[in-house]
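In structure tokens, the next block holds one chain alone, the form predicted alone.
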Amino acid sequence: MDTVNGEKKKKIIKTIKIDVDKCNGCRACEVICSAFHAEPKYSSNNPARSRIKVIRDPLRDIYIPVYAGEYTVAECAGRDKYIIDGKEYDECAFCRASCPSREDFKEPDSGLPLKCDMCEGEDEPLCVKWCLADALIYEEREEEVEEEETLEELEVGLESLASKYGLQELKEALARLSQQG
């Protein structure tokens, strides 16, 4: 499925759809995620290491699972507010990024950013499997993406030699080498 000369390639996009109305706040997703990513696997459970967090307002019985996305080196400029059932939430609460302005989705010991890897090696993310309320739904979709041509290491080296010595000189050197071998 490699691309040549900017051709389109099909790529599998993996996502977790979240049905907030079904989440009951049990946090099983946080528990299994932290256990799966423990070293060695399943040796410990620390929800601070989880790649999914449940934002909660227990008095209003609202639970919103958010899973970790890409790391960003700068905080965003957006400070929008969301009102859910009359309570105001900061936009950061629902953000999936690990950024300098908050501690969410950072490894507690090292401070390194965490990112959901969809439980690589499993047939589907474990948070989805363990969600008894069916609030988390794993989805895969295929998208066509246009990618630039990627050169192999040998091609990069040959291109560099050709630009330094000229294509004809490179051809002659390769011809000499092939006669020796």
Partner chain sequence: MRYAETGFNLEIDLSRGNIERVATDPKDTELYLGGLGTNAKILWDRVPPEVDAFSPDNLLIFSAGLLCGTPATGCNRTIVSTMSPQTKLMAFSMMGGFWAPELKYAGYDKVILRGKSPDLVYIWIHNDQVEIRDASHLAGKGAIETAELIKQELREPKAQVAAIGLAGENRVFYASIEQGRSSASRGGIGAVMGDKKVKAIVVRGTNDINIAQPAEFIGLCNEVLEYIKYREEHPIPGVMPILAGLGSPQEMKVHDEKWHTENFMWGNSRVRRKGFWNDEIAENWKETLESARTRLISCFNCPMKCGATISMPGLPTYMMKCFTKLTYTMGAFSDLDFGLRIAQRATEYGVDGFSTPQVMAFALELYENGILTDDDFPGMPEDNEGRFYWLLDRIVRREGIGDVLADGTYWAAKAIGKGAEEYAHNTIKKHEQLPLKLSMLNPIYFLMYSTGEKINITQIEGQFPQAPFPKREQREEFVKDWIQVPDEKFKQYFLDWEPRGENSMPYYPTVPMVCDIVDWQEMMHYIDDALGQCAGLSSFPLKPPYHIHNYPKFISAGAGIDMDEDSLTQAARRYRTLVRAINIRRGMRRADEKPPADHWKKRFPELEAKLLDEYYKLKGWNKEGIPTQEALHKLGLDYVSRDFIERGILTEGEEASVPEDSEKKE
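Residue numbers count along the first chain shown, from 1. Note that this is a predicted model, so its numbers are computed, not measured.
Although not depicted, the form predicted together with the partner chain is the subject of the following passage.
Residue contact check: Asp104 to the partner chain in the predicted bound form, 4.5 Å heavy atom: Yes, Asp104 is a contact residue.
The partner chain contact in the predicted bound form: Ala173, any heavy atom under 4.5 Å: No, no contact at 4.5 Å.
Exercise: Lys115 in contact with the partner chain in the predicted bound form, heavy atom 4.5 Å: Lys115 lies outside the contact set for the partner chain.
Contact test in the predicted bound form: Leu154 vs the partner chain, heavy atoms, 4.5 Å: Output for Leu154 is no: heavy atoms all beyond 4.5 Å of the partner chain.
One residue of Ile137, Cys26, Cys119, Val66 in contact with the partner chain, assessed in the predicted bound form (non-hydrogen atom, 4.5 angstroms): After the contact test, the surviving option is Cys26.
Residues from 28-44 in contact with the partner chain (non-hydrogen atom within 4.5 Å) in the predicted bound form: Contacting residues: Ala28, Val31, Ile32, Ala35, Lys41, Tyr42, Ser43, Ser44.
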